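Below you will find one chain, with nothing else, as structure tokens; this is the form predicted alone, and questions on how it binds or moves follow later.
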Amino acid sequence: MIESFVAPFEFGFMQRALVGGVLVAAICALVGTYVVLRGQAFVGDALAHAAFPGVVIAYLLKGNIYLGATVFAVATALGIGLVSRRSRVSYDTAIGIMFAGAFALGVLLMSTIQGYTVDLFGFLFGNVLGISRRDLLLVGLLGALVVLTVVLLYKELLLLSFDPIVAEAMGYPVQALNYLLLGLMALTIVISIQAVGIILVVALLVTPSATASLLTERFFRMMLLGILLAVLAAVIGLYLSYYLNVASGAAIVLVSTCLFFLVLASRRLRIAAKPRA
């Protein structure tokens, strides 16, 4: 029994996958708490897809994939804010425009590449088992930047998420904080694309925090529970991918989804079991 738990991590690639998966899961849940609280899951999805042309351009230029993804994700985050503020279109419409345009650019650029672009498909669907030591270093550095920002601006971001009108009345730079939060979401997505891929990253950003919100109404406790649930999903997902020989990113996301429905069902049963007055 013990050998079954230890065996996968006798390999270097599984050790790196475990470290990378846990880091990515924790950072996604940290930022995802704000995403869920503000109801911005669609924004996360848009930024994830917007990172794709950056990945393709970096691939074509033989540059750094993470840098390319960061540039496009952050640019799209800023673009969403500018378009919604300086035009008559709604915030959701601005997201749809930027998301569709950026992803279409990525698909168009990928279509110019001759042959089967297996590396680019890896970024679409994720491959945490392919994380290298260099990837881990970049994930660690970018993750540390995200965590440090959240720690330093915890109260400001919390007030912004709960009541932006009160935050503005108290003199906080609400617009700048909004852009900062979009930037943090973009960085988190860039950190995660190697592990779960562009298509699935929004699930890891939203699902653990959404599950935690069913268990508690306190923000800090929700953040901690979200991180624990995300890490649990990453570990279980890695075991499933190893023993069942299935896609690692998809396994992690499906475990997280199953945890959500288990908690939801448990909550419904508790509510149904309560005696009515």
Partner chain sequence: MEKKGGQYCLEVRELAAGYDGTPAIEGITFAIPPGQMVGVIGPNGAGKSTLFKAILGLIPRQQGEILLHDAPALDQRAMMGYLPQLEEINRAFPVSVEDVVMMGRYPRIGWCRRPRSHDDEAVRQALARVELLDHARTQIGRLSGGQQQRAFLARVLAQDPHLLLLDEPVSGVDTTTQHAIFALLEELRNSGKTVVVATHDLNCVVERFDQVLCLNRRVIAYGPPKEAFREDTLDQTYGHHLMIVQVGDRRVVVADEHHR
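Positions refer to the first chain, counted from 1. Everything quoted here is computed from the prediction, not taken from an experiment.
The same protein also exists as the form predicted in complex with the partner chain; that form is not shown, yet it is the one meant from here on.
Exactly one listed residue, out of Tyr91, Tyr179, Phe125, Tyr154, brings a non-hydrogen atom to within 4.5 Å of the partner chain in the predicted bound form: Tyr154. From the list 216 to 224, 60 to 68, 246 to 254, 232 to 240, the contact stretch for the partner chain in the predicted bound form under a 4.5 Å heavy atom rule is 216 to 224. A residue is said to contact a partner when one of its heavy atoms sits within 4.5 Å of a partner heavy atom; Leu159 meets this definition for the partner chain in the predicted bound form. Residue contact with the partner chain in the predicted bound form: Ile165 places a heavy atom within 4.5 Å of it. The partner chain is not drawn, but in the predicted bound form it has no heavy atom within 4.5 Å of Ala41. The partner chain in the predicted bound form comes within 4.5 Å of a heavy atom belonging to Leu37.
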